[in-house]
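One chain follows as structure tokens, the form predicted on its own.
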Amino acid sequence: MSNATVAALPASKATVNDQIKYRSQAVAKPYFVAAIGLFIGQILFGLIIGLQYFKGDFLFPAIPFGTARMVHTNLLIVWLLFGFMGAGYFLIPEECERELYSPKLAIITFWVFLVAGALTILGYLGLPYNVLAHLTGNDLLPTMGRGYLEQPLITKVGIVLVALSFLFNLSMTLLSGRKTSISIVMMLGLWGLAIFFLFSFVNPNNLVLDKYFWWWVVHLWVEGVWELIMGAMLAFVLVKVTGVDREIIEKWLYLIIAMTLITGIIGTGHHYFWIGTPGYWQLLGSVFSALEPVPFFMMTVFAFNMVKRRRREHPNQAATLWALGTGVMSFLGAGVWGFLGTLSVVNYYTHGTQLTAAHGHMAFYGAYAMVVLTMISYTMPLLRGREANSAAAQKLEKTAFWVMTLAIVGITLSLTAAAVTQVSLQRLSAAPLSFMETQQHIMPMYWARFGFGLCFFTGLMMYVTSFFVTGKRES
């Protein structure tokens, strides 16, 4: 730690612990804890809807399928946002070599976001959706009722205020400190996240326009600006655990984000095939979507290349494993499985089948869940006063990595098999079956998915438990 850093902290306590460089980085900890708690909730609701696929009255009418699915997807978004915010509060001060502009504002923002999120989930579970819409001002500005954007108007306004507070805090930190490629890319992604969320308030009466702008949030988040955040977080961790020259990692980062923006923005067209938009989107969407696996492949090569060229053996081997896993699984889930159904001539048959769910599960886990877990795995030991967890804790965490990763592969393969059966029986057969008849034929795949879901939940519990395992420290 530099003398300037020590001097910037209270004389009574130079650091919160003996590892983190800046005292204000500690505000990241509650964000990470909340992220993991919400992640557990997301998986629990995933198991509920998994059961409801073959036992439709499970927990009905208390938690109907539509409500459980809404909670499952909303918790996914919220816990990842908590993870991104925690990463920003840890990463930006260290990259900028100065304390966070306002730690107090970061804590206030945390509680506002957590309470607003909890009240929204309680609203989903405790009120009929139309009643919730009426009570929260949807009649004034209709924004509800669309997938992933089901949040009430007041919640959406709250998210915007939270985002502005968060971005103001980080931007002021960046402006008065050192500028690095990692911090700039991270801030570009975070600002993009906030800007594109504003399109959630755009809800045209025309269904084609509604879907057109809906994808400006959903697609340009997960296949655009979120990838910048992911790249910055992965680069930050790799700088720390490998000791490779920053210049080398930054060159890779620039290449990755360039390909991400080129393919991701125009690649939005693969969602415009069948919604009433002009026919040229079939060509543009197919071509640029076919290129979308490229940045994910580059991330995989990037991660393995940096670890191969490492100049130090960092004691936090679990974080290194998560970083490598992020590259591989994001390429498979977002890249390979995304490509399987993205060409218009193929999508004509696969659209609306379980192939979309197969891609979604592996892509969200591989690209975003894993990179947040990578960041948590690296930072939480530091925030608790050590460079790495004990050998026993890391062994359990690595086991959790493999259980969760193999489980998500099992879920993806089960849903892919279901999709192949759907297309064969419902869309290619000379005597096509109805939707419900087809569902009966793919019921075994749903049982397999539920079994793998239980395995995934077990792995997640192992991951959480690893942070409480004591023993001889790695450093």
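The first residue of the sequence shown is number 1, and the count goes up from there. The shown structure was predicted, so the numbers you read here are calculated from the model rather than taken from an experiment.
The discussion below concerns the form predicted in complex with a small molecule, not included here.
> Within 4.5 angstroms, counting heavy atoms, which one of the listed stretches 385-393, 371-379, 210-218, 310-318 is next to the small molecule in the predicted bound form?
It is 210-218 that comes within 4.5 Å of the partner.
> Using heavy atoms and a 4.5 Å cut-off, decide whether 93, 249 and 253 all contact the small molecule in the predicted bound form.
Not a single listed residue reaches the small molecule in the predicted bound form, so no.
> Would you mind picking the one in 300, 138, 242, 342 that has a heavy atom within 4.5 Å of the small molecule in the predicted bound form?
So the residue touching the small molecule in the predicted bound form, by this definition, is 342.
> Considering the small molecule in the predicted bound form, which of 162, 187, 133, 76 comes within 4.5 Å of it through any heavy atom?
Looking at the other structure, the residue within range turns out to be 76.
> Taking any heavy atom pair closer than or equal to 4.5 Å as contact, tell me whether residue 441 reaches the small molecule in the predicted bound form.
Judged by the heavy-atom cut-off of 4.5 Å, residue 441 is well away from the small molecule in the predicted bound form.
> May I ask you to check whether residue 352 falls inside a 4.5 Å heavy atom distance of the small molecule in the predicted bound form?
Judged by the heavy-atom cut-off of 4.5 Å, residue 352 is in contact with the small molecule in the predicted bound form.
> Using a 4.5 Å heavy atom cut-off, state whether residue 223 contacts the small molecule in the predicted bound form.
Although the small molecule is absent here, residue 223 would touch it in the predicted bound form, with heavy atoms inside 4.5 Å.
> Might residue 65 be said to contact the small molecule in the predicted bound form, defining contact as any heavy atom within 4.5 Å?
Yes, residue 65 sits close enough to the small molecule in the predicted bound form that at least one of its heavy atoms falls within 4.5 Å.
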